[in-house]
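Below: one protein chain in two forms, given as structure tokens, structure 1 then structure 2.
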Structure 1
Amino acid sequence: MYLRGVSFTYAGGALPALRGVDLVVRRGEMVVVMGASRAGKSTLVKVLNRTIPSFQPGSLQGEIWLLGQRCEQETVADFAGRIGLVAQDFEAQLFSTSVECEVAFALEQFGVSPPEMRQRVHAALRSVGLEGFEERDPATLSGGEKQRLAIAAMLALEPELLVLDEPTTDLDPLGKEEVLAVLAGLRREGRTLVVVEHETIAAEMADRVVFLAEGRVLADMPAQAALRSPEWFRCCAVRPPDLAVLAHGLGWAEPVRSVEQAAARVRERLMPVQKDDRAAGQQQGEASGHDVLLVAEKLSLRYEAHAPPALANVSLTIRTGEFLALLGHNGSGKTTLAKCLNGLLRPSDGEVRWKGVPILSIPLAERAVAVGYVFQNPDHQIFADRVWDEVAFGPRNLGLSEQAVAERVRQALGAVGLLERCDDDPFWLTKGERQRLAVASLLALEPQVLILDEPTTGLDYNEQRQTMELICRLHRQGMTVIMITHTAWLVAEYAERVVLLHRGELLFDGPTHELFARDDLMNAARFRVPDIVRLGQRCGVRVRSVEELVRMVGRRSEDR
């Protein structure tokens, strides 16, 4: 694959999405493309499979060679089966009534024989961990399972060039590693891979990393060199690797390649840890003395009569002022539990009580004021033509006066930094801005508990930090926060308490640091403890972030 001087401006666009891009990808390489939101990453991958300009018109300039062929008038159909694309909006690619039919569909169009088709379908599903899901309706899958299904549909075609736009976005941490391991295996077989990612886990397996910003290639370098250069990640709104940031913060000239190597260096600079010194980075205050808000008692739920339980005898208590993270692999029951907590789902057995009253007996308007729910995909709850009206919808339905509605809308939009966009169409906003708009819609109802389902999915690092700063500000003001996430560093830095689900059962309920010390539970939950937390454990200190450890090492070095 060869691009020279490629620029593209969408029809009606004021600025080019790509600006003079030069890029070479050799046969058998795995190249990871990284950058902030709107850097041009998705536009680039659409150029690679001819979606641009075939289906999205605009001005395309430059020289493009794909699979040894110079592209001028070629369309998507000319490369179908040879170039596969897993789009960022993976749900838009799914349409069949069963998982097996979804993977088989493209093979049928190419006239693959039934015996070979069955073999390819089963191999593709096995490679992404969906073996045994053949008869499931894709609509009933979790977000991460749908993502893996979209990848399997492409893998079954055995394309020469596979292009993936954020393919691991909705997967749990070890699920991400499994998918990337599959891609690495395909690369070893001679396949060429171009992967767009926001996280460095993909770069760890790549040959090269390409950094994009404002449609331009800022840098193109070997992956190992990139992983030792946190400044490139930061300038492209990507969270850099913990160990690279640590080495930079402590002024180490030589890079560290493992947690064990870093631990040996850190221990040299740490004074002996006193027993009470382990409080550095300790989880913030206990909530045991606070008022009880929600009680879930022996919740069980099945979506289908003969399906495994989505929840099995789950009980927990939530008090005022808590910041709680719901963890577990895809399909473990996190979203199901969260929807039971605010009455969106009725459990098959058990009960949820709000301040002692069964939540399903509370009128809907009162329930919305008690427990707000922000969906994983904000587009599933945004519907108005104007940002102001989107936020005003809830307060108006509470019967408030227009003056009171206006005051709440101004406060909510101001809290999320969108007041100046109040007259815009919500779908003109970026994904991060739409996420904040969904939060504002709930803030206008002034709920006591805010449930957020994967609030940072699909956001670049800067947008993730902005979202979490907003959530933390609300928490400091007294709001109880329940956050579903697969992002380990978010849990380490922000959550005070963790509830871990596995196959619908409650495995753990307690402080975050205690869970992170349990390798058995971490493995069962398919959760990868952040490198900096593992490093702290090996050094006998409890830390939540790289910055915290750097400060700790610096302080103790000065005390010597």
Structure 2
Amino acid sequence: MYLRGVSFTYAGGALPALRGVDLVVRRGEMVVVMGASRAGKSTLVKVLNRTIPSFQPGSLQGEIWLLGQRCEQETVADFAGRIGLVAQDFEAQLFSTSVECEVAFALEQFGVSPPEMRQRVHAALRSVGLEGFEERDPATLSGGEKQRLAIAAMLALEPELLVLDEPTTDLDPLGKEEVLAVLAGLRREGRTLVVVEHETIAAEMADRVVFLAEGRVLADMPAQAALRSPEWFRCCAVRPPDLAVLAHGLGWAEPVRSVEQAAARVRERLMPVQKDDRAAGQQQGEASGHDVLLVAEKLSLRYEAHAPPALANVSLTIRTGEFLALLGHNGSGKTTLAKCLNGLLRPSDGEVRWKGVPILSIPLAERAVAVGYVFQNPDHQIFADRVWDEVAFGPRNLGLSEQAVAERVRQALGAVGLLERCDDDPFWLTKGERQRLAVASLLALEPQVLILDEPTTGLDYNEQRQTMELICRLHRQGMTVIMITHTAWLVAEYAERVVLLHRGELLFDGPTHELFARDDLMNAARFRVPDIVRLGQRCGVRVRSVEELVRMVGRRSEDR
């Protein structure tokens, strides 16, 4: 399969989404495509499976050869069964009410005989590790399982080329791991794969990595070379591997393969350091002198009578000015806990008190001003057709005068950097901008506590950084922040205090570095400590980010 000089401009779009892209994929190869939001990744994928031009109006130029065939007018349907596509949004790719019917669906369309169909359904389910799930309703599966099912549905057709567009973006770490393991398996089977990904682990499996920026191919290189050059990842808004950044930052010529190896080298450089210096990395998170804002006392909650509890006997105290991370996998109860904290859910047992008053007895409008809650999916709240009106919705509900509303909207939009977009239609903003809009619409209520539910999901690395800097700025201005997340590096770099939930139980509540030192807990909850934190632990220093360690080492070297 190859593309030569392919350009595409969406109908009504001002700038081309792809500009002169050349790309070759050989049979049996795995190519990973990386790039920032709007770099043209999705457009490239659409070109590869003929969604462009058959579904998307626009102007397409260049030469496209797919499966040894020069493409002119072919549609998606013409390559059905030969080019498989798995997209990020797994919900939109599942059509049936049982797992086996889902996989069989495509085979039915092709008129495959029932005995062969059965055989291929089982083979496909085996490839993605979903044997034994045949009768399950896809609605009851986890995100990772749904995505694997979507892959199986494509595999059953035995496509010659499989294109995966950010298959792990919407998944929690466990789901990501599952899907990546499936990819590794497909790689071993020798299938031809094109994968758009933000995870560097995917690059580790690949033959080649292609970096896209502004619709152009920035670089196309063997995966091993790519992994040694973090600057390419940065250009494409992908979080580079910790060790590669470290090696680069410290000017090491030869690559490091493991944390242990890196630790040995760092230790040499850190040797002449006084003991007391080592704890400099982090201040104590416990701000005991501050006022108590929220108290949760022995919360328990069951959604259904016979289901395991979503929350079991969880107690928590939150004080002014804290930055707290709620960590846990999907289904661990972190969202349930957060919703109890602002009175959206009524616990079956226990009580939440806001400054000593039961939160459920506080009127709705006052509750909104006390504890703001930014939902994970910004699209679940955006309904206005102007950015300004969207933000004004909350203050208007409070019954403020139009003048006061305008003042608040201006401030909130200014804080998230969307003020000059106030007349735009939110529908056409990027996911990152919509996320910031959602934050602004809560900020306009001026809450004392802000709960953010996975504010960085679906964003590229640069957008994640931007969002986190915004949150940190609010925190410095005195906002109490509770952030639900399952991204370990975010916790390492930003949170002072972590609460770890697992199957509805509170496993840990304390300073972040203490949690990361507890291998037993991290393993029980199946979390991976970021490499750089592990490295720090090996060397006896407390670091939150690679930059910090590089600075530390650099300073020591100068001292010497």
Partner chain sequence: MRELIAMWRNTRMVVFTALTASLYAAILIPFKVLPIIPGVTELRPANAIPVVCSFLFGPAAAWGAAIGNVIGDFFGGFGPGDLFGFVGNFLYGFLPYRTWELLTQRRPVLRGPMDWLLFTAVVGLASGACALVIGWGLNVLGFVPFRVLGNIVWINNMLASMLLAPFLLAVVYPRAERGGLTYGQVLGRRETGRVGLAYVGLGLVVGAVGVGMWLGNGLSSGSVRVPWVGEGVAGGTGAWAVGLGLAPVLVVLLLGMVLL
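All values reported here derive from a predicted model rather than from experimental measurement. The term rigid core refers to the maximal set of C-alpha atoms that superpose within 1.5 Å between the two forms. Residue positions are counted from 1 along structure 1's sequence.
Trainee: Of structures 1 and 2, which is the form predicted in complex with its partner chain?
Mentor: Structure 2 is the one predicted in complex with its partner chain.
Trainee: Taking the rigid core as the superposition reference, indicate whether the CA of residue 88 shifts 2 angstroms or more between structures 1 and 2.
Mentor: Yes, its C-alpha moves 2 Å or more.
Trainee: With a threshold of 2 Å on the C-alpha, tell me if residue 393 counts as moved between structures 1 and 2 once the core is superposed.
Mentor: No, its C-alpha moves less than 2 Å.
Trainee: Core superposed first: is there a CA shift of 2 Å or greater at residue 127 between structures 1 and 2?
Mentor: Result for residue 127: yes, a 2 Å-plus shift.
Trainee: Align on the rigid core first, then pass along the CA displacement of residue 113 between structures 1 and 2 in angstrom.
Mentor: Its C-alpha moves by 5.5 Å once the cores are overlaid.
Trainee: Core-aligned, what's the Cα displacement of residue 347 between structures 1 and 2 in Å?
Mentor: In the core superposition between structures 1 and 2, the C-alpha of residue 347 moves 2.5 Å.
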